[in-house]
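In the block that follows, a single chain appears as structure tokens, in the form predicted on its own.
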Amino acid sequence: MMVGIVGKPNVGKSTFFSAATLAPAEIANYPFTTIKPNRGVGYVRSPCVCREFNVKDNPVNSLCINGMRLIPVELIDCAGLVPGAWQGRGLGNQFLDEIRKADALIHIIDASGATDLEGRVLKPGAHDPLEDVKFLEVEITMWLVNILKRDWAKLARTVESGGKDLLSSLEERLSGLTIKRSHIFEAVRATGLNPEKPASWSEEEFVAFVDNLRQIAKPMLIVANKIDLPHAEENLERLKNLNYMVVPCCAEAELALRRAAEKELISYTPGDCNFKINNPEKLTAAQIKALETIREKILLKYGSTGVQEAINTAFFKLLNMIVVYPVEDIEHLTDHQGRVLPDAYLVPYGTTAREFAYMIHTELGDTFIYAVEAREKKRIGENHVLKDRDVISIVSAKKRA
């Protein structure tokens, strides 16, 4: 799963991306072998099971910092968007090429209203950030409309002649946009349109169908950035009235905290509600004042800077992912090298034990016999649906994992 970071220019999108992808430490077994310039690795944060089981873990594919497991995820920083992007204006083509790869979107908005739709700088409060939400919805919907309209008449005729059903036709047509058959089915159901008579759909009905498909296939979270600036707080409340999850954020503050933590000037784990200054004597008075301002006006007020909360919300709530820990030795929670709780996998909610085995290794899935759940030490079958923070050992005809 990949999450796209989107928004118009000058809203702090690049700052958010930088803060989100500034690694807190090195990870062995790096999960993404090729990271392009506009892609990076962020982390979802989940309470590690090590403390529940009272063990000292040895993470390999992730990190455990103060009992918090940080699991790598891929983020894509999409080009800045301006009105008319779907028609090729600005970097529209580049933006839309990037967004097709994303399973969900984090929309960065200047909550202070200090930038217009083109990204030009204004006085705080001069622009209504709700317009940014509306224009992005239109841009993505119209992009999808254009893609489908190219051969819609032919597709509709094929469906109505009985050559192929609508879901199969659209699934094939939209396969490169991470749009699934289930998304298409849900959009048809939501609009109440007749899937057997697509040629009879009016223009308005067609656009309504595509708009529903956008909402289902590319779910979006709003990040109300620059929350520390004038007018941002009142706009935050207005944004919350829209049909989206909204996270207040100060990406600049998160970037400052992560850079300070990287230099070991402070102790801070991404997503924390506070931090500790390690050696005050190494900081200038201005640096200490800046850190205290972040503490008082951002962390204590909102509970975090919002960057980590946004990533967690995107993966855990928009994409319905859960964390599962595979081990070989169920008694000691170790792998074949004796490492305790080495791996944490991010998987879709609804994943079965056997499906999880396939995610680890094809052979493990092919030779699956049963799995053992660590908390109750009970056997579970191939169709058992895994829960968040499950620790399981898979027993196969050849090996365990």
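Residue indices: 1-based, along the sequence shown. On a predicted model such as this, the values are computed, not experimentally measured, just so you know.
Just so it is clear, the following notes concern the form predicted in complex with a small molecule, a form of the same protein that is not shown.
Which of 140-148, 221-229, 273-281, 311-319 lines the interface with the small molecule in the predicted bound form (heavy atom within 4.5 Å) = Every other range fails; the passing one is 221-229.
query = If you check I392, V11, L386, A20 against the small molecule in the predicted bound form, which one has a heavy atom within 4.5 Å?
reply = For this set of options, the contacting one is V11.
ask   = Looking at L257, I106, C250, A111, which is the one with a non-hydrogen atom within 4.5 Å of the small molecule in the predicted bound form?
value = Spelling it out, the residue with a heavy atom inside the cut-off is C250.
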